[in-house]
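Quick setup: one chain, the form predicted alone, written in C-alpha cells, and binding and motion questions come after.
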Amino acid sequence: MEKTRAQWGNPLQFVFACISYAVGLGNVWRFPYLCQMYGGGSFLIPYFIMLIVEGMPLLYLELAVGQRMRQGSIGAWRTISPYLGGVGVASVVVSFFLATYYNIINAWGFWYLFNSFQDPLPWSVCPLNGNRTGYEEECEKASSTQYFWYRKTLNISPSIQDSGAVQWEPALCLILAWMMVYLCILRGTEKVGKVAYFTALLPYCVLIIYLVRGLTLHGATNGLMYMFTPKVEQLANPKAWIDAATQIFFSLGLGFGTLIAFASYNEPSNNCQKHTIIVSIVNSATSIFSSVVTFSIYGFKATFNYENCLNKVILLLTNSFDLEDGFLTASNLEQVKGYLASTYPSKYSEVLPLLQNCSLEAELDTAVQGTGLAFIVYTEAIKNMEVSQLWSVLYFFMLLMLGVGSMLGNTAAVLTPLTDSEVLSSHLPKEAISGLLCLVNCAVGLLFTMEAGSYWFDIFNDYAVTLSLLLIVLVETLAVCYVYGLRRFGAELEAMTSSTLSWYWKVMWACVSPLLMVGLFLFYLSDYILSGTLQYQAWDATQGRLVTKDYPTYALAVIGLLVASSTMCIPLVALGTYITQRLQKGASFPLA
C-alpha cells in the first residue's frame, strides 16, 4: 500500500490544504467574539500560551502519525494498536456529523450571495404589510436584518417541536453547496491540493480589501481602540483560558482525522515539523488579522447606531420643547437635558420614558458570535456602507471560500478511510465513493432546511463534536506516548525526516497536552451536568427577539446519541477486537 499510495503534487499543495482546512469560519466569527468577551488584547496572552502548549504539539502529533502510517485515521490507529481502531472510527463519525451540518452554512452563504445583487439589499429595509399601510410587525419589533435572517432565510418556527416543512430555497442552496464540494473531491483527497490554492488565498484577498475599506469607515478607530485596549483583570478569569484552549483546539481542526488524512499523502521524508509551525502561525495570524477587520466594522456599526440614537433624542427634545433647530447638539446634549429637567420637570418627566439611553461603550460591548455575527451584525453594517451590494458580494464570497475550504478537509476525513478500504475501493471508483458520501450527507442535511432546522443546527454545533473530540485527541496522545511508545515513535520520525525529536515535543506529548485535555474534558462535562436542563434560544415572532426554552425530552435523547455514537466507538471496537482475538486463539488450539 505504501508504494502505490497517491501523493500531493508538491509540498506546497499539502500546506495550502492544511491552511484552507484550518483557517475557517471560526477565525472570522468566533475569535473576534472571544477578544471582545475577554478584554481585547489581553486575550492574546492565554491564546498564544495555549497555542504553544496545546495547539502546535497536537497538530504535529497528528501530522506525524499520518505521514508515518500513510493511511487514513482508521488504518493509522489500527496500525499503532489493533485495539485503537475505534479512535479512527470515532473520528470518522464526528467528521461525518460536522460535514452534515457545516455545509448548511455554505448554503446560507449562497442564499445571501444571490440576494446581494439586489438594489436595495433585501435586508436593508422592512417589507410592507399585507395592507401596504405600514411595515411588517415582526420586522418593526426586531430589525430588518434580523427579519431577513429569521423569517426570509430560515422561516423559523417558534420552537423545535414545530418542525415544519423543508424550505425549498435553502434546500436548493444546500444541494448546490454539496455539488460544489463533490466537484472538488470527486477524484479523491490527494487531488484537493489544487483547489486549496484557490480556497486558501482568495479569502485573504477579500480580507485585505475589507481592511482598507474598514479603516476608512467613520468610527472604525472606536472599534480598534476597543480591541487593542487590554483589560488585564480578564487574565484572572479561568473561563478566558478555557476558551483560549478550546479556540486553538477547534481552529486547527484537531481530532477529526483530516490532518492525518492529508499527511498520509506526503512523502515520508517531508518535514512535517516545519509545516506544523507554518500552519499554526498562519492560522493564528489570520485570526488576529480578521479581528482587526471585524472590529473596524464593529466600530463603524457601533458609531452609526450611537449617532443615530443621539439624533433621535435631539429630534425628540427639539420638537417637545420647541428648541431652535441646530441649537441642541451631541456636545451639549447632557447639559441641555439637565437644564430642561430642572426648568420643566413635569414636561420632562413625560418625555423621559421616550428618551433612549445612548452609549457607544454599550454598543461596542454587544458580543455576538457564529451565525448572529455573520448574517445579522455584518449585514447590519454592510447595508449602511456606500455601494453596499459590492461589499455584500465580497463578504459572502469570502465566507463561501472559507466554508468550502473547511468542507474539503471535513469530507477528506471520511473519504480517505473509505477509499483506503479494499472492500469499497475494489468495487467502486473514487468518483462513486465521493458521490455517495456527498449524497448521504446532503440527504441528512435537509433536516437543517426545515422550519426548525436552525434549532437542530445548534444541537449539532453545540453537542455533536466538543466532548467527542477532546476524548479522541486525549486517547491519540496517550496511544502514541504510552502504547506505541514515545521513544519508538521518535526514532521512526528521525529515520523518516532525518530530524531529531526535541525535548519540547516530548514533554508536551507525554505530559502537558494530555493534562490540558483532561482538564478541558472535565470542565465541559461538569458544565453540561451543572447547567441542569439544557436550553436553547427560540425566535419569538410576536416579540421580535430570542427567548430561552427547555429542550424537549426527545431532543435531549438525540444529544445523548450524538455524543455516545462517536465516543462509544473507542471502547466498543477495542472490546470487539479483544473478543475476536480470543475466539481466534481458541480456534487455533482445538481440544483433542
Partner chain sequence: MVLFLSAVSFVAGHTFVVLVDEEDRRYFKQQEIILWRKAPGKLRKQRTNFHLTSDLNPQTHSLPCDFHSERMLWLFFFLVTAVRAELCQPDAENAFKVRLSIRTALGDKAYVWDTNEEYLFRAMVAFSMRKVPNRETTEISHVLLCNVTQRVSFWFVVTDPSKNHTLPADEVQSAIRMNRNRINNVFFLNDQTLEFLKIPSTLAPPTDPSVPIWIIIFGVIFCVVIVATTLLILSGIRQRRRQNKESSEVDDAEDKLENMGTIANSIPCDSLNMKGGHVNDGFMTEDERLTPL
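Residue numbers count along the first chain shown, from 1. Predicted, not measured: the structure shown is a model, and the values here were computed from it. What we label the rigid core is the largest C-alpha set whose atoms superpose within 1.5 Å from one form to the other.
Quick note: we don't show the form predicted in complex with its partner chain, though the next part is all about it.
Among 289, 521, 114, 198, the residue placing a heavy atom within 4.5 Å of its partner chain in the predicted bound form is 114. A heavy atom within 4.5 Å of its partner chain in the predicted bound form is found for one listed residue only; from 386, 361, 334, 325, this is 325. The candidate stretches are 264 to 272, 177 to 185, 459 to 467, 247 to 255, and the one lying within 4.5 Å of its partner chain in the predicted bound form by heavy atoms is 177 to 185. At the 4.5 Å threshold, heavy atoms of residue 164 stay clear of its partner chain in the predicted bound form, well away from it. In the predicted bound form, no heavy atom of residue 143 sits within 4.5 Å of its partner chain. Taking the partner from elsewhere, residue 133 is found to have a heavy atom lying within 4.5 Å of its partner chain in the predicted bound form. Though the partner is left out of this view, residue 318 does reach within 4.5 Å of its partner chain in the predicted bound form, counting heavy atoms only. Looking at 164 to 179, the residues that come within 4.5 Å of its partner chain in the predicted bound form, counting any heavy atom, are 168, 169, 172, 173, 175, 176, 179.
Once the rigid core is overlaid between the shown form and the other one, residue 168 does not reach a Cα shift of 2 Å, moving by less than that. When the rigid core is held fixed, the Cα atom of residue 323 travels 2 angstroms or more between the shown form and the other one.
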